[in-house]
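A lone chain, given as structure tokens: the form predicted on its own.
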């Protein structure tokens, strides 16, 4: 057996972020993979410990520049818990709607880039970006920003929703639902797409548990765990939706999970739009450089982010976090990559890596 060591990377940011893989191959069969990360490390956790509470949301949005609102929300929610602030009812519905729109935008980009990663279906790549652009247009009108939003405020949002928000959102999700339904016929009937994903990068149920993977990667291995169900926040416990799971744990299963989650997000948004109070105020408190009057010893906040479960551990102080630690889904999901690639073909690297939906802003932090 003649082992050849191949250096893959550091990979350009166009492939999800800066990553280096050291791959040992026998022929074109992978025997071992070492992941080298940290190229995008910025010390976000320590940086946040030097800033007042509400100076930090913009740092969190850069953790995942594909789904920035999700990290914005989880951080602001941790500050709200530290200060004992209750989110207004209308704002709870508004946050759920915006977070699910962000999830749809994330999954659309992921499906498109997966097709691009495996060299197939550039048409679907363009379709995904067409639909995602419509979601971003609405988020831009709601928040004032197209890529980064910094829209969360203590107890609510930065500003009132547009007067036509309900009608526009209903029209948007109707459009998305119709367009995304067409993807299935194109992708599942493409033999090369199916061959590149089916039976590749299999993560067994036991291994998924042992590695502590999160989100769609976990659910694709048959484990029905979703924080929106197991530890519901805001109004998720009032909404009727399902948690898609698959048993095979391969790249195709991870694709199907995210595809089906788009429709579940649409289902959530429709209900939240109908149940949201007609004249409820969604505007939160203005930014003030103050801290909790009677702070708890520790704050732990969990959220089902588009890429998996995210956790913030915070030890509050008077005006800024004394200690802040982030559990990012991308970090734990990347840890399983060597396991998934063991015995695979060299050409499968990007199919498997792409199926994990890794963003190195949160992985390296």
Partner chain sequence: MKANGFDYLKKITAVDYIQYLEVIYIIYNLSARKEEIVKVRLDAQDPGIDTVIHVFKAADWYERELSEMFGIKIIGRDAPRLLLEEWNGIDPPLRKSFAWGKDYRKTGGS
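Numbering follows the first chain given and starts at 1. Predicted model only: the values in this text are computed from it and were never measured.
Keep in mind that the form predicted in complex with its partner chain is not shown, yet the notes after this line are about it.
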**OP:** Using heavy atoms only and a 4.5 Å cut-off, decide whether all three of 74, 238 and 241 touch its partner chain in the model of the complex.
**Re:** no
Original post:
Here the chain is shown alone; which of 209, 275, 247, 192 has a heavy atom within 4.5 Å of its partner chain in the model of the complex?
Top reply: 209
Subject >> Sole residue of 319, 29, 55, 50 within 4.5 Å of its partner chain in the model of the complex, by heavy atom >> reply: 50
**OP:** Answer yes if any heavy atom of residue 218 is within 4.5 Å of a heavy atom of its partner chain in the model of the complex; otherwise answer no.
**Re:** yes
Subject >> Residue contact check: residue 85 to its partner chain in the model of the complex, 4.5 Å heavy atom >> reply: no
Original post:
Any of the heavy atoms of residue 213 lying within 4.5 Å of its partner chain in the model of the complex?
Top reply: yes
**OP:** Look up in the model of the complex whether residue 81 has a non-hydrogen atom within 4.5 angstroms of its partner chain, and give yes or no.
**Re:** no
Original post:
Picking from 163 to 171, 110 to 118, 225 to 233, 182 to 190, which part of the chain touches its partner chain in the model of the complex when contact means heavy atoms within 4.5 Å?
Top reply: 225 to 233
Subject >> Contacts with its partner chain in the model of the complex - residues in 300 to 336 whose heavy atoms fall within 4.5 Å >> reply: 300, 302, 309, 311, 313, 315, 322, 323, 325, 326, 327, 331, 332, 334, 335
